[in-house]
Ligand SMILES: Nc1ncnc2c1ncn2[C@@H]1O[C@H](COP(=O)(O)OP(=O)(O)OP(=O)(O)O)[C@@H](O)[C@H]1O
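Below you will find one chain, with nothing else, as structure tokens; this is the form predicted alone, and questions on how it binds or moves follow later.
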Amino acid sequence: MRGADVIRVLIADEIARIVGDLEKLEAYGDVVDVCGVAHQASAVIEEAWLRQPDVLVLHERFAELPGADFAAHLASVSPATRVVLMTSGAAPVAADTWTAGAISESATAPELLEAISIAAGVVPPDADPEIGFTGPEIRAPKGRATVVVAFSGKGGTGTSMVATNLAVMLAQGAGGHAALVDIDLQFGDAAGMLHVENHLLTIADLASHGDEIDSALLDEVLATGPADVRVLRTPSSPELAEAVSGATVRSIIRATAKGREFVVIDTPSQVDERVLEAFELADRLLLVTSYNLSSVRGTKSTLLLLEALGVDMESVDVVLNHTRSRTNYRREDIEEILGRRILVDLPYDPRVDPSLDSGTPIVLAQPRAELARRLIALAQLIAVPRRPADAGAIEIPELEPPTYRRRFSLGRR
């Protein structure tokens, strides 16, 4: 049985060098699990899709596309995978921006292990090894905060789970300069999910101040949750929701964005004037849907509504969340119904509810879980600016559904 902190590695290289790398890593079977190999460049993306490794050790000759395009293609099939580039000569002083590190093919076993560990986030570069994992690298945006709105047209899809975990990871990566604003004013429970429900002040305490929300007042009202994320909780009683108007929500979002790098907005499952204000201010809009037909239909209706409202559809992404262990539909079926690609597919994990009940998001409670890895990847996708419009589209060929094949591990189980 693998330990929780074992790093799953896929090696893409010529057979002779793969054998050498396996010999180097053999002594580290308790921390590194070589879950697969690709000895042809054309098979790298498919193997990454099948294996979902933490780290891809990729020889520079096996990256067929330009670096940025290869990274985008890899992110579309295995969003949590980080790349260690293996070079023929000496490793460059600074790796390319699309990689998590670079190493020479002649590197020693300890050097290879260190590069893999740094890429996986287990040993941050230039950090005290005793400190441990400090979260993903988050590249903060320039200027004002990035406002991210999580919405679903149907309840029960896990929108608040996505919003809270995303806010925590953005806060952890941005040194605490992130906030979560819950505008599900009657029944929102983001504060409970982050264990700050006993904080006395709520969004209702800001309603009477109109546009005059200064930083000192806001700082007093905001609770502090895991990873120092600041949380604006919903009113303590549902009838107080009426005191919070759409104009108030606009003022609150603008005030919260000052001095921060990310603001995540959790929303109710119906559109009202307050949600419309959030839509208008959003830099990224995440539509959370699940593997059931009524949820997908709700997402389709939301997409049509956003288009009618004039929302920039380039800023809209769909997050597919498994809310149950068995489903009757494939991801491809849902993409066909919606007419757009899924940004991130979140797997079912029975540990979600216990993590929410304990107030510890799964990205912190179970950071090596597949669900946590994909939520962390979502945070990284949100944090990295989109490609410029004039950069040209990245060609990402469709992969055929995988046929049955025996999965194997070359490391210790």
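Note that residue numbering begins at 1 and tracks the sequence as displayed. Model, not experiment: these values are computed from the prediction.
Missing here is the form predicted in complex with this ligand; even so, the following discussion is about that form.
The candidate site formed by G176, L218 and L222 is entirely out of contact with this ligand in the model of the complex, as no residue has a non-hydrogen atom within 4.5 angstroms of it. Only one of V296, M161, V275, V316 comes within 4.5 Å of this ligand in the model of the complex through a heavy atom, and that residue is M161. With the partner removed from view, the residue among D349, E26, E60, D69 that has a non-hydrogen atom within 4.5 Å of this ligand in the model of the complex turns out to be D349. In the model of the complex, at least one heavy atom of H322 sits within 4.5 Å of a heavy atom of this ligand. Using a 4.5 Å cutoff between non-hydrogen atoms, I382 does not count as a contact of this ligand in the model of the complex. This ligand is not drawn, but in the model of the complex it has a heavy atom within 4.5 Å of G155. Although the partner is absent here, D184 is a contact residue: one of its heavy atoms lies within 4.5 angstroms of this ligand in the model of the complex.
Shown alone, this chain has one stretch from 255 to 263, 100 to 108, 322 to 330, 196 to 204 that lies within 4.5 Å of this ligand in the model of the complex by heavy atoms: 322 to 330. Residues V352, D353, L356, L371 are the ones in 352 to 373 with at least one heavy atom within 4.5 Å of this ligand in the model of the complex, listed in sequence order.
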